[in-house]
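Next up: just one chain, as structure tokens, the form predicted alone.
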């Protein structure tokens, strides 16, 4: 059975090795990505949200099954979690977006808590880039980190992933038996993965254990993000955020090195509304 390569975050970690494994397998696990203090603050920030959220999706049909009937999904985190705002500025995390999407040329696609509950079934395997089927290309249009806020285990729903499937042909290729593994990792770790790799949430076979992860991806600046941050983060909160976080959330306009600016107001940067 294939396995993802594990690294331990440290001051001397060779990130070129990390991204070489990312390119080969479509994903890597970096243990200790969050230090103990930041992990504890994130857990504290989100615990009330998780406790009061009802599992399941209100959208009938395919999305009910895809999102999970025993899974809680929560967005709008910059408005309630200072720890998440701090993580959004993490250099190692942002280096993934810079490397694959271009420095300052991407949005936060979503900062979404995915809490897989007892009795949840395995999610359909998929590629994240299928959010934008007409934009798919040879290079990346989206890359993602899943930060483990609890331990990810075989039993509680650790992500299922097919290493190397980022090189497979087809939008939804057949996944042969024995080609997947589980992204098991201790709390504080991060699964970094390609928008091209085939993956899905795992089944939670426990009786009382929730698997809580922070699914936090980037997408190219000329794509519509999954999460509508301008509705989940109030404008008065956005005004208090660091400028680079405002940019990630789309409160400042996309201004690529080459090409047209997007998201303008009166043909000027939307960030002007935050400075008045």
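The structure displayed is predicted, hence computed values, not measured ones. Residue numbers count along the first chain shown, from 1.
Quick note: we don't show the form predicted in complex with a small molecule, though the next part is all about it.
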* in the predicted complex, segment of 168-176, 126-134, 81-89, 100-108 with a heavy atom within 4.5 Å of the small molecule -> 126-134
* Asked: Within 4.5 Å of the small molecule in the predicted complex, heavy atoms considered, which of 143, 190, 77, 116?
  -> 116
* To do: Mark residue 164 yes when one of its heavy atoms lies within 4.5 Å of a heavy atom of the small molecule in the predicted complex, and no otherwise.
  => no
* So in the predicted complex, does any heavy atom of residue 94 sit within 4.5 Å of the small molecule? -> no
* Asked: Contact between residue 215 and the small molecule in the predicted complex at 4.5 Å, heavy atoms?
  -> yes
* Evaluate residue 200 for contact with the small molecule in the predicted complex, applying a 4.5 angstroms cut-off between non-hydrogen atoms, and reply yes or no. => yes
